[in-house]
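In the form predicted alone, a lone chain appears below as C-alpha cells.
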C-alpha cells in the first residue's frame, strides 16, 4: 500500500481574542472604544538598577530603564520599558523584533546578575479609550485613576475584576481622549474583554479593529 505523502504545515500565530471574530462597530453616541491589540514582544527583566555597568550596557543596547515608580521609558522603533517594581521591568517591542531583542539583551547583560524571561506568549493586550474609560475601569480596579494621580505615561499592576492586570495610561488620543492599555494573562483575555465590554455598555460601546 502506498504511503500518504508527508505534509508540512506552517504554524499560524493567533492572537488571544481572534476566536471572537471581532468586527468594527461604531454605534451613534458611543463614548468608549475597545480594541484587541496585536501581539507584541514582551520580556520581563529583573536587574539591580544600582549596578551602573549593567545599566550602561543596556543603554548601549538602546534601552533606558525608568527608575521612577510607575514610569515608562520610550526607545526607538516603538519599544518601551515599563516599571513594575524597584528591580523589575516589562520590555515591549514589535513582535518581529523578538529574536533580535533577546539576543541583543542577552549579550549586553552577559556577566551581570539578572533574569530575562520571554513572556510574549503569556499575555494579551486590550485598549480602552474614551472620556468615560476611567469610569469603566474603576468598576473593578482599585487604583485612583484621576488624571492627577494616574496621568499619561504611567503604569501600575492592579486588578480588573478578578484578573491580575498591568494598566498603562497611554498618550491621549484625538481631542484629548484618554487611552489605556490593559495587559492580562492570555487565559484571562476573554474574561477581560467581556468585563470591559459589559462595563462600557452604559456609555455606549464601539469596537475598533
Partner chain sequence: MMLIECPWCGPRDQSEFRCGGEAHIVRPTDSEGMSDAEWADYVFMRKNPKGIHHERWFHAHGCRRWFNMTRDTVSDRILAVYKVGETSPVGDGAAAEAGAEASK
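Predicted, not measured: the structure shown is a model, and the values here were computed from it. Positions refer to the first chain, counted from 1.
There is also a form predicted in complex with its partner chain; it is not shown, and the following applies to it.
Contact residue in the predicted bound form, from 156, 65, 41, 57 (heavy atom within 4.5 Å of its partner chain) = Of the listed residues, the single hit is 156.
message = Considering non-hydrogen atoms and a 4.5 Å limit, which listed residue (172, 48, 147, 164) is close to its partner chain in the predicted bound form?
response = After the contact test, the surviving option is 164.
query = Quick one: does residue 69 come within 4.5 Å of its partner chain in the predicted bound form, counting heavy atoms only?
reply = Heavy-atom contact with its partner chain at 4.5 Å: present for residue 69.
ask   = Is the gap between residue 142 and its partner chain in the predicted bound form 4.5 Å or less for some heavy atom pair?
value = Flag for residue 142 set to yes.
inquiry  = Is residue 96 near its partner chain? Define near as a heavy atom within 4.5 Å, in the predicted bound form.
reply    = Flag for residue 96 set to no.
query = Any chance residue 84 has a heavy atom within 4.5 Å of its partner chain in the predicted bound form?
reply = Residue 84 belongs to the contact set for its partner chain.
request  = Specify the contacting stretch among 156-164, 57-65, 172-180, 23-31, defined as having any heavy atom within 4.5 Å of its partner chain in the predicted bound form.
outcome  = Selected range: 156-164.
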